[in-house]
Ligand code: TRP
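What follows is a single chain, given as C-alpha cells, in the form predicted on its own.
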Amino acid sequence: MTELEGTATGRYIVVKALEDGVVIMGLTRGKDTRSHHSERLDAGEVLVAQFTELTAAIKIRGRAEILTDTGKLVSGL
C-alpha cells in the first residue's frame, strides 16, 4: 500500500439537517453495493462528507440542504 492509498482524495459534499433525524449513509463501490457507514443528524447539525476509494455514493434520508461543487439542493421536500 502506498502512502496515499486509503487517504481521502474525492469530492466533498456538505449536508445540513433541516429537521431532526436526518440519516446519511455511505455506500460502497464494487460488485455489491452496501451501506458501510451511517450518521444521524439533528436540525442545524452539519456533516462534511467525502467520496473515497471505498465510498461510491451517499444516500440522504430526511429534509436537508446539500451543497456540492456542482450546486445546492434540498432533500425531503
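Quick caveat, the model's predicted, so the values are computed rather than measured. Start at 1 with the first residue shown and count on from there.
The same protein also exists as the form predicted together with this ligand; that form is not shown, yet it is the one meant from here on.
Asker: Spell out, yes or no, whether the shortest heavy atom distance between T52 and this ligand in the predicted complex is within 4.5 Å.
Answerer: Contact with this ligand, no.
Asker: Taking 4.5 angstroms as the cut-off for heavy atoms, does G44 touch this ligand in the predicted complex?
Answerer: No, no contact at 4.5 Å.
Asker: With a 4.5 Å heavy atom cut-off, would you call A56 a contact of this ligand in the predicted complex?
Answerer: Yes, A56 lies within 4.5 Å of this ligand in the predicted complex.
Asker: Would T33 sit within 4.5 Å of this ligand in the predicted complex, counting heavy atoms only?
Answerer: Output for T33 is yes: heavy atoms within 4.5 Å of this ligand.
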